[in-house]
Structures are given as structure tokens and as C-alpha cells.
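What follows is one chain in C-alpha cells, specifically the form predicted alone.
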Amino acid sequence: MKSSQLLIPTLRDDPGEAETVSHRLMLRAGLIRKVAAGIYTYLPLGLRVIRKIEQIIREEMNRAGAQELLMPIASPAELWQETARWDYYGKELLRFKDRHERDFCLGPTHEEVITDLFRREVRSYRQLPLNFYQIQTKFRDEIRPRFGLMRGREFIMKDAYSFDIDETGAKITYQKMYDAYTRIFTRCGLTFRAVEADTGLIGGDISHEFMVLADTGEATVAYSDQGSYAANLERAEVLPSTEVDMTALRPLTPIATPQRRTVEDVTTFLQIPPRQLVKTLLYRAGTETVAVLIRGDHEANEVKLARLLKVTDVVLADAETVQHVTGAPPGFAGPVGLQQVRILADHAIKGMKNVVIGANTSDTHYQNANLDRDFTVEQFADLRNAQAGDPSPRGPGMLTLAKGIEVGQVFLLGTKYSHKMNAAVLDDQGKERFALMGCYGIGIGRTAAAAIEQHHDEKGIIWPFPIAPFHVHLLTVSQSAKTTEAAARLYTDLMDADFEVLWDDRADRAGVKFNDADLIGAPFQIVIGDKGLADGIVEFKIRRSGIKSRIAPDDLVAHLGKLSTEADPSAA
């Protein structure tokens, strides 16, 4: 393809709206353009990347035994009401009425639609296992769409749904899809980890997220520095502490802490380490308010708390609730004398002695508070975020934290949807059994964006070979007949060897072409000019390393063949 025939509206300066590397470079390289908040047009270069990711996904889904179909983006409210997600999903579900005043929504996911198809068409266990997938547009009405394709409202997704007769079969299918995802992201040239994850709005009992590791990631991954354990921060387990404080108990003593509300303020004022303070956090969990005790240098994990309380989510209590429950403004809550709410505590609190806590009185804390003597806890649980240096909860090693970008997730759903929607088949005994389901999603635009977050430099994108919009960027730095003829010959030779070539044939200055080539990020660049041709060579550059070499045009196809095999994990 020639640049003169392709829409590639590159930008010299960073767009003011872009917050992340991928968003900035996708706009600057002419891959996408914004239509509305969280809604983008994919321009020719961007769409080429999307289609390549889709092709890798199709090949691996088919290899894993899944069947491709295509479901509608709009679905009737009746299906969502069967699973109670019409209300439960909240405002992210974009609802509308058709001309007959019937309620519909734009699908953010398709569990209801596929389960309805299954219950209408499948009758016997002999037809199982089944696994269906689609690549299609989704819509989630995010309250704050941001980061370009990372968190949009409209996005392209591969979603798959499996049906098995029993748990054994469901776990086999889940593993097949887990393995397929591993192959997909490896083939895309990404460095990633599969981590244990919370199931969130989708539901189910077992889930793994596939995280592309990048310093700019919005999620945190905890993984063992020696073993295989890995989980996102929401899910990462923390073992109960084995530390035993042998310090003698000291008398409970109130102390004035005027205007000291935060852990940092109080510990600095009292000249103690944060680990010697216990913060009392009040949460609203459904209709209940609970108090949660967390060590001062730890962070509460609200997902774990919600799971413990068996509610969909928890939120910090507002100032009015804190005042009502404790008799003091926020910043001075403590467990001593707290009567109106249940008190829960993280495991780390159990071994602590002589701690500082809020006194439920304005501008006052207690020193030397002790569990059982001064306050009691109804239940201890793992309620904090893992930290670097914590022991791995399974296997050897200590936990390390890294940033990651979620590009895919697999769920073992069980009968959550099949039971509610009566999706049953007859087993080998002639009895009806609800199908066990799994669902498996990949954000295709997010995968492209994550690749940029992981593969870029100060000049622009550095695409992994398998998903690059073009393999080779051919640049002519002269408009002479000799250069044009040599470029046309090389262009044809490379295309005949199955390389995808972008030929920058524009009559622009060489510097403009070089900058655009680095910005667009094809893995290899070839520069042809009169001076080099006079010496019988062209300049060859590897975008990732920046290494340049002088090569005879007739040797380029063989040279590129060797490099491309090394660059493409699926080429061998």
C-alpha cells in the first residue's frame, strides 16, 4: 500500500485529550479518531491491527473447538429480567425503547442471549460439550470513559460461552480456553501473566485475568518471585500473620490529637510507626453499616469485604453516618465502646498489642488499646491488599507487585445463568440437568492499546511483528526515476514474499518521513535514496533496536525472512 493512497493523518504534537501512552500514540499515528466520549472510529492503520488480532483469536478459538456465530448487539429486556441483571447491571446498561415501547438494551455482554439460544436448540447431553464465540461490538455506558480504547463505551470484543454436562467437563473446557488465551497473547507478541481474579458482575466461582505487564497499567498484579502464584490485587490472598507480640499490656490512655485525622497525621504527631496504629473504617454494605479494623500501614480491600459480607459492593460511610455511629466526625472512629455496628478485623490485628486507635471523640485517640481487654472483634478475615514482601499464599517465595493491563478474562460460571433461565438437557439417565457454563472475553481494542503501552519509545509505537499494521515501512528519500524504479521493484519483491509493505511515496522531506515511520512503528524500515543506490545498497533499520545496516536490495527478502521468523512466535 502506498502512503499517498491511504488515510494516515499523523499528528506532530500530543493531543491534549490523551492521558495514556497508547491513547496519545494511537491519535498521533492516525489509528483512531474520537466521535464522542468513549466512542472511536478505527482508521485504516488501526483497523489493520484490529483485524490481525481478530485473526489470531479466530485461529486459536477454532483450534480449541469453539464455533463462531454472531449475536445481535440489541437484546430485549425480558432476557435480562430473567437473570435479574436488568436492574443489577446498573447504568452501564444502555437501555432504550423501540417504536412499540418495548424495552431493549445494547449488549455489554451476551450471557443471556447465548443461554436463550442454547435452551431453545439443545436437548441432550450427547450434544455437549458446546462452545460458541463471536467477535462483535459491545456497549457499556461507562460513567467516565477514558484512556482511549482502554476504557471506552463502545468496543470490539471476542466473547465465548461454553456448555458442559458436569463439573469435570466444564473444568476441561475452562482449561482449553485458558490454554487458548495463553497462545493468543503469546502470538500477539505480548508479555503477560494469567492471574486469579474476582468474578465481578459476570459471576461464577473461578476466574483468571490475562494481564499485559506494563508500567502504565491501571491494575496491580501480585505474583510470587519464586512460585507460580499470581492474582490481581482485588483477589490476592494474604496469609494470617504468625508474628506474636510479647509486649506487656499497658493501660488504655486517651490522648489529644487536635485536627489529626489521617494515619500520617496521627503517627507523625505521636512519633510512632504506622504499623502501630489501627484504623477503624466504617462501610455501608447493603442496608448494614460495619466497622473494619485495618493496620495503619495496610490498605483495606473492599472486594474481599464485599465477598465476606455476600453483597455486590461496599462503600465508605458518609460523614453523617460516621457521626451517628461513633459520636465523632470522620478521622476519630475506634472500636472501644462501639455498640451500633458489627466489628470485623483483618488477620493482622489479632497479634497486635498496645495500639493507637480512634477514641470516638473529636480530636482524641487512645494509646495502648488491646484486643479482648478493651474491645472485641466479631470476625477476623483477610481484608487487606497484598503488599510486596508478603509470603506467597501458595507455593514458595514472596509476593512482588507489578502494573498490568487486563486484556482478557475467563470465568467458570457454573449454573448461574442456566438455572435462572432453565437451560437444561437430559443426562444419560433421562433426567434434566442444568448445563454448566463458562464465559471467556478478550478486549480486542484493549489488546492493541496494551501492546502499545508495552512496546513504545519516545519516538512512537514499536509494534510486535504479528499485529503490526505493516511489516515493512519503505521510504524513498528522493523522487528521482532511479529511486522510484528501485523502490517499485523492491516493493513488488517484498509483497510477492508475503510481506505487508507500506511505501511512503509522498513528496515530503526525509525528516517528515522518518518521524512518521518511527511514530507508526512498523517492525522494519527500508530507506532508498540515490546515494545508496549508487553504492548498490539500501539502508535497513530494525525499529525496536534502532540498529541500521547497509544491505544490497537483492539480499533484503532473505534477510527479512530470517528476522520475521525470529519476531513472530507463530511463524516457526
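Keep in mind it's a predicted model, so treat the numbers as computed, not measured. All residue numbers are counted from 1 along the displayed sequence.
Not pictured, yet referred to below: the form predicted in complex with ligand ATP.
- Site status: open, since ligand ATP, placed by superposing the C-alphas around its site in the predicted complex, has no atom within 2.4 Å of backbone or C-beta atoms.
- Shown alone, this chain has one stretch from 244-252, 456-464, 474-482, 142-150 that lies within 4.5 Å of ligand ATP in the predicted complex by heavy atoms: 142-150.
- The single contact residue among T173, T257, S392, Q409, judged by any heavy atom lying within 4.5 Å of ligand ATP in the predicted complex, is Q409.
- The contact residue chosen from F163, F155, Y491, W80 relative to ligand ATP in the predicted complex is F155, the criterion being a non-hydrogen atom within 4.5 angstroms.
- Contact check for G441: a heavy atom falls within 4.5 Å of ligand ATP in the predicted complex.
- Heavy atoms of K279 never reach within 4.5 Å of ligand ATP in the predicted complex, leaving it off the interface.
- Although the partner is absent from this view, H365 stays clear of ligand ATP in the predicted complex, with no non-hydrogen atom inside 4.5 angstroms.
- Ligand ATP in the predicted complex comes within 4.5 Å of a heavy atom belonging to R446.
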